[in-house]
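Only one chain is given next, in structure tokens, and it is the form predicted alone.
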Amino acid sequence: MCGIIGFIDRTKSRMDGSSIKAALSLMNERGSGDGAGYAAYGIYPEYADYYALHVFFDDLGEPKKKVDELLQQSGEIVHQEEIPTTPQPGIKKVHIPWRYFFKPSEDLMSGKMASEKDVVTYLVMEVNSNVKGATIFSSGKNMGVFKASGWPEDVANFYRIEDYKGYIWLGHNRYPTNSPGWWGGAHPFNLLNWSVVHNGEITSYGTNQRYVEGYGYKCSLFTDTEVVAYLFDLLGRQHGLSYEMVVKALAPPFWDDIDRMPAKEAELNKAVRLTYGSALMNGPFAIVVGTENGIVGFTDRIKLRPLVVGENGNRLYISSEESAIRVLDPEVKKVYTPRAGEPIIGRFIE
């Protein structure tokens, strides 16, 4: 179950959120009304140099006071406000969505926190694990996640998604299975500029969780998809792997297939499997990841969940269903189904 969709314009031409709302709503039979969300890149050009921290507050008293203190100890808040929303009959507003535009202090950047991204990652883990009544659910630059419990069109209307213009959009319609339906458990899951939408189940979650927590990440949002965002940050940012290599580590070929590869290719794949065995994800899944350089789509090694790709000029679409892609682009020229585990990557044109 669950419906996912991702879109990139490789020239960074932006479009508003009306089409992604329509495309995701077309897949309502894949959801249950317990969660939906969107990620959009390129929406905050006036604050492009600052981290946009989106936070769910239970109230604006003690939880916000603690988050304010943490941010002021770690850098500068250049602007903050409640995220504009419009009441919807189908959504119970159980949290207050807030956004900060934040710049980490250079004085903190040494040792384990050698970069701005390390500081922001620390703040996300600290708030989500130790500040009761506050959850940072989006922490990238010039991008933002908007999500809640509800149907896709209700969540989109709640956040006035049509008012935002982005060159990458992700959308997710949730059908929760093994975890509760709550605002923080809706997709996309985000850390820095990594955003993940996922259809399926990560049965290796326990192993993957212990692996990333060994590197300082804290899984606190009660769903398996959270760990995928941290795996991409660990392998893609901290270890410097290409997107292709990250996918090769998370959804590697079977040993029998590796044995049939040419010697040099087999040697590479064996090295990846042995090095990143604890990052390997098992179970049925189809995933689309938004990044600062583009989007990445892939499935599990058997392809137990659907994934369809469409292309039209500078635009690339990845979704659970072709019909959703055709809502986004009725003139889409090339539609195909990728192989199991094959990475589909859309990058910006330099």
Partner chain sequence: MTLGSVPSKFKVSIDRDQCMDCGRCIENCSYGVYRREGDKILIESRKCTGCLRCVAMCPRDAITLTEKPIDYRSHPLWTREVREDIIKQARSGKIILSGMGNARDLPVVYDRLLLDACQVTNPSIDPLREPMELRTYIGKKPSKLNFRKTESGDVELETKLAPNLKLNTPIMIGHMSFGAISLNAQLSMAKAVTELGTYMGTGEGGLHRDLYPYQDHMVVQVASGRFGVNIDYLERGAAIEIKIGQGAKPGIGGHLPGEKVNEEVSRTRMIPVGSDAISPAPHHDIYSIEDLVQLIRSLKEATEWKKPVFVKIAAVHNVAPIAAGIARSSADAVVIDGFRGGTGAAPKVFRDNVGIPIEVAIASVDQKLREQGVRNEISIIASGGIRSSADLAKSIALGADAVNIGTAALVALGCRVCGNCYRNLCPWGIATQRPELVSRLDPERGAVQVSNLIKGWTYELSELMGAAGINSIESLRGNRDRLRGYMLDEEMLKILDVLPAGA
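Values in this document were obtained by computation on a predicted structure and should not be read as measured data. Residue numbers count along the first chain shown, from 1.
Beyond the structure shown, there is the form predicted in complex with the partner chain, which is absent from this document and is the topic of what follows.
Annotated contact segment (heavy atom within 4.5 Å of the partner chain in the predicted complex): 209-217, selected among 135-143, 209-217, 183-191, 72-80.
Within this chain, Glu267 lines the site of the partner chain in the predicted complex, having a heavy atom no more than 4.5 Å away.
The partner chain in the predicted complex comes within 4.5 Å of a heavy atom belonging to Ser204.
Among heavy atoms of Tyr100, none comes within 4.5 Å of the partner chain in the predicted complex. At a distance threshold of 4.5 angstroms between non-hydrogen atoms, Arg273 is in contact with the partner chain in the predicted complex. Site residues Leu241, Met245 and Arg301 are all in contact with the partner chain in the predicted complex, judged by any heavy atom within 4.5 Å. Note on the partner interface in the predicted complex: the residue among Leu280, Met125, Leu221, Val119 having a heavy atom within 4.5 angstroms of the partner chain is Leu280.
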